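Before any questions on how it binds or moves, here is one chain, the form predicted on its own, in structure tokens.
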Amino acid sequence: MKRTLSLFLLLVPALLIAEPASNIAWTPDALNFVKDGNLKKGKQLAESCTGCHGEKGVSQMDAFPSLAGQLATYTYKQLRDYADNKRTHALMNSVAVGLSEQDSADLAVWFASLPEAQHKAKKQKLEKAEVLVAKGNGKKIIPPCFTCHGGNGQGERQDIPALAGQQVEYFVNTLTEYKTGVRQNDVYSRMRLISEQLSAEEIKQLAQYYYQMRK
């Protein structure tokens, strides 16, 4: 596993292009700013998000992500990336540009405070996904998914999202966008490098694997 991680890190360019993937820099002040977001204000702001993301942050539409239980720092980064056009979505760009940094922090901590999505999906045997999550693929220089996203799909550190319980279609679309270069707001091109090596079937299985992790 160490060899796989070392090879992966060698692929990460020391310098990308002049245009950064995101304008967010996780300084101690930035981390504290998000941490101190106002839950009450976030709850009020989230009332306008229910149509796509559900009343309790659990989306009822497969193409839209569930936000309940997501890392606040990750949600905050995505909102600011949408506002800065570092990530593109016809609806979210227009929504995020109307949010202040404080609004984004308030929303992020509110969604993080909600219980994670739970599903009643019948558990499937997903061998390709299980191998990728636990072992990765040394030949393709893909590290195990758990090393970044956690053994329970809970996410790690500032910008690595929780995946457990996420909507299947949204998950597939996200990895496909990374794979094709449509989405480029991953720092150091981490997910673009990984997704480029994944087959459509592997992406589909990973989506189902993490969806049924919360049942």
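One rule holds for the numbers: they count along the sequence shown, beginning at 1. These figures come from a predicted structure and were not determined experimentally.
The same protein also has a form predicted in complex with ligand HEC, omitted here; what follows describes it.
Distance criterion of 4.5 Å from any heavy atom to ligand HEC in the model of the complex singles out 52 from the list 52, 58, 168, 30. Using a 4.5 angstroms threshold between heavy atoms, residue 67 counts as touching ligand HEC in the model of the complex. Although the partner is absent here, residue 180 is not a contact residue: none of its heavy atoms lies within 4.5 angstroms of ligand HEC in the model of the complex.
Although the partner is absent here, residue 163 sits close enough that one of its heavy atoms falls within 4.5 Å of ligand HEC in the model of the complex. Although the partner is absent here, residue 191 sits close enough that one of its heavy atoms falls within 4.5 Å of ligand HEC in the model of the complex. No residue of the trio 41, 114 and 153 has any heavy atom within 4.5 Å of ligand HEC in the model of the complex.
Along 130 to 147, a non-hydrogen atom within 4.5 Å of ligand HEC in the model of the complex is carried by 142, 143, 144, 145, 147, in order along the sequence.
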